[in-house]
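A single chain, nothing else alongside it, follows as structure tokens in the form predicted alone.
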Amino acid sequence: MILDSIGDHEIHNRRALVSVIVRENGFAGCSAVVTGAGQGIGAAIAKGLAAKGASVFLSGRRAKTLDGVCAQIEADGGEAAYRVGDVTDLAHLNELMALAAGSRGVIDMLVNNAGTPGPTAALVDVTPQEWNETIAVNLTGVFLACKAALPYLERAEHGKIVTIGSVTGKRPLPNRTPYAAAKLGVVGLTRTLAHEVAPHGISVNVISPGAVEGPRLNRVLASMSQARGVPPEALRAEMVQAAAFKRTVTEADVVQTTLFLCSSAANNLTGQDINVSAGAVMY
């Protein structure tokens, strides 16, 4: 109704305003890459970004699960594509980022979610191979994905990098030294990279979830139960008791924080380590 009474100049300005509003409230016209997106938190994040209008490009090790996530995104009216590969493989990541950048030559968002729990064992019993594999996926994989994506993120108006870390590493978790070392390393990488890429307007943040409900937590509890000789229910109770809210968190909690960090509302947040842990960790 208002547009009927204004001229071409005002219409152009109004369209520019609408474009800004879209960027604030959604991700229409934006490209997003999510690693480890075939299941769990990664799949939920990919669906969340797509629901906000982003074209989402997924990476993971299994075609079947990635295909299922893409099919669901497309059934809901979104856009998605995937490449099968490993975040420790720079050639795979280079191909993925080029696909995501497309003809625009731009990636707007990178979510580093790929990870592995690694072994559950005392350090003295961890093999060098287990250590190297855990560090390679959880820490080196973040380095490689950022390295492959940065040339395209630099062309975005406000590029966003969000890495899914963990409260483990900031607090002890017995028998999980490789995982803890990698996840704390991600915090250092994030803070330093935030300074390096700030001149390009790129924000770099890490989300540190606590115990996230889902099949992965159940597997971790089972592994810890076997190593410590404590029933899984007792271990879960320990985790819950340590949290201020006396509960675990959900995938949706992590998704909503990711969406916020990828939005223009977070343009002045960088180098941050945000705990999504129901108050289990506050530092």
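The structure displayed is predicted, hence computed values, not measured ones. Residues carry their position along the shown sequence, with the first being 1.
If you look for the form predicted together with a small molecule, you will not find it shown, but the lines that follow are about it.
K.L.:
For this chain shown on its own, do Gly38, Ile41 and Lys183 all sit within 4.5 Å of the small molecule in the predicted bound form, going by heavy atoms?
P.N.:
Affirmative, all three are within 4.5 Å.
K.L.:
Does any heavy atom of Arg216 come within 4.5 Å of a heavy atom of the small molecule in the predicted bound form?
P.N.:
Arg216: yes, in contact with the small molecule in the predicted bound form.
K.L.:
Can Met97 be called a contact residue for the small molecule in the predicted bound form at 4.5 Å between heavy atoms?
P.N.:
No, Met97 is distant from the partner.
K.L.:
Using a 4.5 Å heavy atom cut-off, state whether Tyr82 contacts the small molecule in the predicted bound form.
P.N.:
Outside the cut-off, so no.
K.L.:
With the partner left out of view, is Val206 within 4.5 angstroms of the small molecule in the predicted bound form by any non-hydrogen atom?
P.N.:
Judged by the heavy-atom cut-off of 4.5 Å, Val206 is well away from the small molecule in the predicted bound form.
K.L.:
Taking the small molecule in the predicted bound form as the reference, which of Leu193, Cys146, Val212, Ala101 has a non-hydrogen atom within 4.5 Å?
P.N.:
If I apply the 4.5 Å criterion carefully, the residue I get is Val212.
K.L.:
May I ask you to choose, among Ile202, Ala114, Leu139, Ile73, the residue with a heavy atom within 4.5 Å of the small molecule in the predicted bound form?
P.N.:
That would be Ala114.
K.L.:
Look at the stretches 103-111, 82-90, 120-128, 151-159 and give the one with heavy atoms within 4.5 Å of the small molecule in the predicted bound form.
P.N.:
Comparing against the small molecule in the predicted bound form, the contact stretch is 82-90.
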